[in-house]
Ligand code: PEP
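Encoded as structure tokens, the following chain is the form predicted alone, with no partner shown.
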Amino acid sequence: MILILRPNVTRESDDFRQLSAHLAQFSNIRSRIHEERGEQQTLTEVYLIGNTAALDIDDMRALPGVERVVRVSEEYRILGRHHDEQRSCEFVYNGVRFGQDNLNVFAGLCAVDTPEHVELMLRALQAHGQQCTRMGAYKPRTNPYSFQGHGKQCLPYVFDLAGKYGIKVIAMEVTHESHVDEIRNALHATGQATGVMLQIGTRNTQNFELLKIVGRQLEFPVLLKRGFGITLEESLNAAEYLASEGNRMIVFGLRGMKTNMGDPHRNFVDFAHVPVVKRLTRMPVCIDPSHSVGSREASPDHVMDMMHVTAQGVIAGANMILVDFHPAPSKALVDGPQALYLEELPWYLEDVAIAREAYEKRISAARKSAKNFPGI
């Protein structure tokens, strides 16, 4: 059960102290406090854990400082979409809104290689009205002898150039807690020129200690990618690990499943789970067509598989796209064969807009039909 307190009720208020004293009288029930930080106010939530089935919702609603009561109906206590859920499905970071009803495109370099390529990428994004990108500084690789990324050495020029070209959010994978400190220090040194969304890659989806550490910091939002060889439930529980430590600014990423049944694509595309994740949780959902498809192959209609797959995810309601571009894919140090050319950026964005318009038309039609079918 979740007790959502009135906006003016804080840990220091009399109502909160009275509420805490009352809850302490319940046997076999413990409480956990979370703060939901919005753009204009912070809401305090009290999670009651234990035998709460016997607690009456009206009685709990009458307690000091309580505005609303939510009975947990799903396994994901913090991120889950529970019965009669009214909590927000969005957050704002560095001026960019992330929610279950909008769409942000993160086109960029899978791995940072040279300052020149970074600048060419960011300049192209600015020219086409984009304010988000992906830039890989830390690259976990299957082969220990493969390029592992430039690490903290590239952060200053990446952040400076992002500020120069008006990029507000950079998705950047981290694999160790020290990377978070390096990013924080580099942002400070560059005058907070941009913002960073920390990415937990598919190999670290069940690195629970890393999840706890990243979840405890409340400065950066987190993009958690689904584990490529585990169930959706296991990956959603990984997201719950992050939230249970305090950070609610989480986007859930679908990037394909590791199975030969997806051949000839790099992974079996799992974008049909976009609406499933949105139904089960309050997280915005990201799709990664580059790592799902893994090539620039095109069908006889001259549309690349990667673009078809992107459209499928967007039409299903995706809220974020993580996609590889590169000024010279043949020179890319990581995943060059799947990267799109900068010249293809306007075509890609136009195709995304077409798919998004189709999604919005489908939603409009569904809302009209729902009036005639109340059970939907």
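Just so it is clear, the model here is predicted, and its values are computed rather than measured. Sequential numbering from 1, following the sequence displayed.
Below, we turn to the form predicted together with this ligand, even though it does not appear here.
**Student:** Does C110 make contact with this ligand in the predicted bound form, using a 4.5 Å heavy atom cut-off?
**Tutor:** Yes, C110 sits close enough to this ligand in the predicted bound form that at least one of its heavy atoms falls within 4.5 Å.
**Student:** Would H179 sit within 4.5 Å of this ligand in the predicted bound form, counting heavy atoms only?
**Tutor:** Taking the distances in the predicted bound form, the answer for H179 is no, it never comes within 4.5 Å of this ligand.
**Student:** Might R203 be said to contact this ligand in the predicted bound form, defining contact as any heavy atom within 4.5 Å?
**Tutor:** Within the cut-off, so yes.
**Student:** Is L322 a contact residue for this ligand in the predicted bound form, using a 4.5 Å heavy atom cut-off?
**Tutor:** Taking the distances in the predicted bound form, the answer for L322 is yes, it comes within 4.5 Å of this ligand.
**Student:** Just to be sure I understand the contacts: of T281, Q199, N104, T194, which is the one whose heavy atoms reach within 4.5 angstroms of this ligand in the predicted bound form?
**Tutor:** Here the answer is residue option Q199.
**Student:** So which of 185-193, 122-130, 285-293, 151-159 is the stretch with heavy atoms within 4.5 Å of this ligand in the predicted bound form?
**Tutor:** Answer to the contact question: 285-293.
**Student:** Using a 4.5 Å cut-off on any heavy atom, which residues of 238-258 would contact this ligand in the predicted bound form?
**Tutor:** Only a single residue, R255, comes within 4.5 Å of the partner.
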